[in-house]
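Okay, here we've got a single chain as structure tokens, the form predicted on its own, with questions on binding and movement later.
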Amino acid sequence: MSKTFLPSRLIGRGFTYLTAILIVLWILIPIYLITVAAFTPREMIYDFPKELVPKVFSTDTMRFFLGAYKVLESFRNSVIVAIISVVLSITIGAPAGYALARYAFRGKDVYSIAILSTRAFPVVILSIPLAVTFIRWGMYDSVFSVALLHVAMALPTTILVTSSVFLGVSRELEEAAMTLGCSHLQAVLRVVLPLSLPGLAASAIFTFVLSWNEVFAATILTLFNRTLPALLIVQIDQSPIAYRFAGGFFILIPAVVFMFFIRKYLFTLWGITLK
């Protein structure tokens, strides 16, 4: 029986590893190809077959992209929108998630479902009425208006994720801190929040990626102050292929850098320690 169980266990583990490798390759191969094309000389970009490890690298394509109309300004707008979205979503969503995790009140389940149901609405339902409202309020075509919509899109997930994270923090630790002289707020800040950093990091990454990649609402809510994805989607049909590859690479980098710096908090969610 043990001899039969061991091979089946090894087969199951091997299948798991194989699936994980295929998923990683599915994600990394397009990123690799975009990166190689972004640093390939423009006159060689149509060459075929492509070398697995290119021997010629050039920054001409990237310099051509960065020198294009309003690219750097749109990149700055994207960074500002993403930072505002992350800060506001965590600032608003974490207290709401804490309330769901720690307090029992009438309609709690209905409230949770109502929060989640807002993600079922297409972004067009939110962006077009908001565009009219922002025009009336004098907020149209601004990075803050785009950030507000991104916060509205990210809040349901932020609230539910942080609620689950706070449920995993023992209430006894919080009460012990209060018996040692901490106020309720101090116990939350000194005990609960440090233990909840992995979940907060996951929420921050989700919000950042959502805001950085969102294009439809940013296109509708802006005209001259577009984010980088909104600018690229408008210019993509009339741009050479080198511009498209450079734009794809340039959109990838900030999200990867953001996740690199916040990964130590995220990995502790699975018990992984980084040295």
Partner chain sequence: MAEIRIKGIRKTFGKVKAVWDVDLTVQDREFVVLLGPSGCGKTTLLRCIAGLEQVDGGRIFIGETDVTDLQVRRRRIAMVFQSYAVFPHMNVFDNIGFGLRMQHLPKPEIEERVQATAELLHIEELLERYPAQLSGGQRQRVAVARAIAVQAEVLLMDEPLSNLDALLRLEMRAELKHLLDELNTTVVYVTHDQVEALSMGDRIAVMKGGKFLQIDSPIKIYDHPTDRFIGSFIGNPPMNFLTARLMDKGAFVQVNETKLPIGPEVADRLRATGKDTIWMGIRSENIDPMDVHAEGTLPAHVLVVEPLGSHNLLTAKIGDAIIKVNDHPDSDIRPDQDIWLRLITEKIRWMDKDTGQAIN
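Residue numbers count along the first chain shown, from 1. Keep in mind that this is a model prediction, so the values were computed, not measured.
From this point on, the text means the form predicted in complex with the partner chain, which you will not see here.
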Interface residue in the predicted bound form among 87, 182, 80, 197, criterion: non-hydrogen atom within 4.5 angstroms of the partner chain: 182
So which of 167, 139, 72, 178 reaches within 4.5 angstroms of the partner chain in the predicted bound form, heavy atom to heavy atom? 178
Does the partner chain come within 4.5 Å of a heavy atom in each of 173, 186 and 191 in the predicted bound form? yes
